[in-house]
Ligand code: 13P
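There is one chain below, alone, in structure tokens, taken in the form predicted on its own.
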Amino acid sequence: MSPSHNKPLVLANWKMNLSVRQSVDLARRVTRSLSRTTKIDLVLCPTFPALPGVAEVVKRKSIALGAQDVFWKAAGPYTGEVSPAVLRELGVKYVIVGHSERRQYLKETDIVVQQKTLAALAQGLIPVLCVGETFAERQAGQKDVVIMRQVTAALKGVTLPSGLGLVVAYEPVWVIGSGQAVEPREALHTAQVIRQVLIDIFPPSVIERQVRLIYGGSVDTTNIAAFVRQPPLSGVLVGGASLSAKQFIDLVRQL
């Protein structure tokens, strides 16, 4: 991975909203309109059952495939889990880890997120590490402390040899699905906090060449440009606005 902060990264997280047929249809519509774009790096993240179908749609296109989760072992007696090796076999390039919905509903801990990050990197996948504060943590003035703790814990023992990449996505839990994003200046401040933590973990050259910082949470056509045009932010993780082909295409074309 050789990310450029001048080339935004846009990830579409479809969550558990679409059937396999709907996922493939949406991928086709997005691909027809955006597969030739060279201005951004675009990633589609369907559900596990839809990955093979979407993989066929984006194969040999400029659009990458992402998974919404991964297990922390490559193989073994782990009923119902999905191996990072299998994801790689399907053509997956990016994998989301530590999303707030998994932290909340599946009780994923910082240790679990760290194990998944290591497992993804071991298979040559690019982890999209999600971090963010709850409303209660924000009200208590703990936002930066929470973010620093999550990043530090998730990246414990992580190294990024040449060729491996990492994305860190700031997603304030309280704005996800609300239709109300944080102010761009606050997202920028948080990205700078994250970068300071990264400086204690990786050499500066690794951060510049192999790590991307992005924002997620109620991204739409009116605010996307503001989140990708102020370094160190260089992209967005899009949820609800990626479920409509027209809305998502319009959103990407703002860049």
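Keep in mind that this is a model prediction, so the values were computed, not measured. Numbers follow the displayed sequence, beginning with 1.
Missing here is the form predicted in complex with the ligand; even so, the following discussion is about that form.
K.L.:
Select, from the options 99-107, 152-160, 133-141, 73-81, the stretch whose residues sit within 4.5 angstroms of the ligand in the predicted bound form by heavy atom distance.
P.N.:
That would be stretch 99-107.
K.L.:
Heavy atoms within 4.5 Å of the ligand in the predicted bound form: does residue 176 have any?
P.N.:
Yes, residue 176 sits close enough to the ligand in the predicted bound form that at least one of its heavy atoms falls within 4.5 Å.
K.L.:
Spell out, yes or no, whether the shortest heavy atom distance between residue 10 and the ligand in the predicted bound form is within 4.5 Å.
P.N.:
Outside the cut-off, so no.
K.L.:
Looking in the predicted bound form, any heavy atom of residue 232 within 4.5 Å of the ligand?
P.N.:
Close contact is absent here: in the predicted bound form, residue 232 is far from the ligand, nothing within 4.5 Å, heavy atoms only.
K.L.:
Is there any non-hydrogen atom of residue 58 lying within 4.5 Å of the ligand in the predicted bound form?
P.N.:
Answer no; every heavy atom of residue 58 is more than 4.5 Å from the ligand in the predicted bound form.
K.L.:
219, 187, 67, 194: which sits within 4.5 Å of the ligand in the predicted bound form by any heavy atom?
P.N.:
That would be 219.
K.L.:
For the stretch 229-247, which residues lie within 4.5 Å of the ligand in the predicted bound form by non-hydrogen atom distance?
P.N.:
237, 238, 239, 240 sit within 4.5 Å of the partner.
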